[in-house]
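Quick setup: one chain, the form predicted on its own, written in structure tokens, and binding and motion questions come after.
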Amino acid sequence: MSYLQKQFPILDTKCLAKDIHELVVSCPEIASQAIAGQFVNIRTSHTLRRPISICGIDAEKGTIRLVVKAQGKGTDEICRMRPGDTIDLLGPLGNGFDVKNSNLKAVVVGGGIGAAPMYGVASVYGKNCAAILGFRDSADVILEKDFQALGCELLICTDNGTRGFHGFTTQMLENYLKENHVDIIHTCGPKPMMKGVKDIAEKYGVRCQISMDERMACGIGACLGCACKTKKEDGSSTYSHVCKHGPVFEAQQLDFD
């Protein structure tokens, strides 16, 4: 799969929650080949591009949706962009999720901003998907209506109990697996959460794919700055690069310890 670098027009923006903004970008060349789990690298006025997971893909309209959390100067600049502005994208990059069989019973587990790439996955499975999304507080909940519109079962968790299940996504996932048959789990979010999802998937014998979030620079495997610890087939440890070999990995490939 090829990638390109170009400036594209922003069609729409909106604030989803405090410091979290959505951008709809017209980029037919990227939308036509992107798959759920891939990302784009965005140029700002600062030194490094910012890698942002693709939230939604509409190949027919030629658009992608990006959900960005303002966490520094670069992402803050992106969040301040408005309709009519142009945005410099490099993409689509990385290896996405295996969503070729939409008839499988899937669960997506998203933590915080990690809910965004899970929307793209859930949009493939539709009613065959259960979405378990975790947030710190009810004010942090994003994309709720979007997931509901897909027809998937939506289960929201909050750390403080102000919305939905009072507890962690891993607790809800284990409860769900005890009562439902699941073919595959896709997840993205904080590393402790993803490690917990990996352990639970192994316990119940369910295939699990994990989207890793590492600081990236080039996005194409040239600078080698986004290394993460992985396992070889013989069980020994090595290092892979998130932008080139990921960001999506099979759970058993990852060494969280």
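All of these numbers come straight from a predicted model, not from anything done at the bench. Note that residue numbering follows the sequence shown and begins at 1.
The next section is about a form of this same protein that is not shown, the form predicted in complex with a small molecule.
K.L.:
In the predicted bound form, do 57, 111 and 189 all put a heavy atom within 4.5 Å of the small molecule?
P.N.:
No.
K.L.:
Based on heavy atom distances of 4.5 Å or less, which listed stretch (178-186, 125-133, 159-167, 70-78) is in contact with the small molecule in the predicted bound form?
P.N.:
The contacting stretch here is 70-78.
K.L.:
Heavy atoms within 4.5 Å of the small molecule in the predicted bound form: does residue 209 have any?
P.N.:
Residue 209: no, not in contact with the small molecule in the predicted bound form.
K.L.:
Given that the small molecule is not shown alongside this chain, does residue 216 nevertheless sit within 4.5 Å of it in the predicted bound form, heavy atom to heavy atom?
P.N.:
Close contact exists here: in the predicted bound form, residue 216 approaches the small molecule to within 4.5 Å, heavy atoms only.
K.L.:
Even though the small molecule is not shown here, does residue 52 get within 4.5 Å of it in the predicted bound form, heavy atoms only?
P.N.:
Residue-level check for residue 52: yes, a contact with the small molecule.
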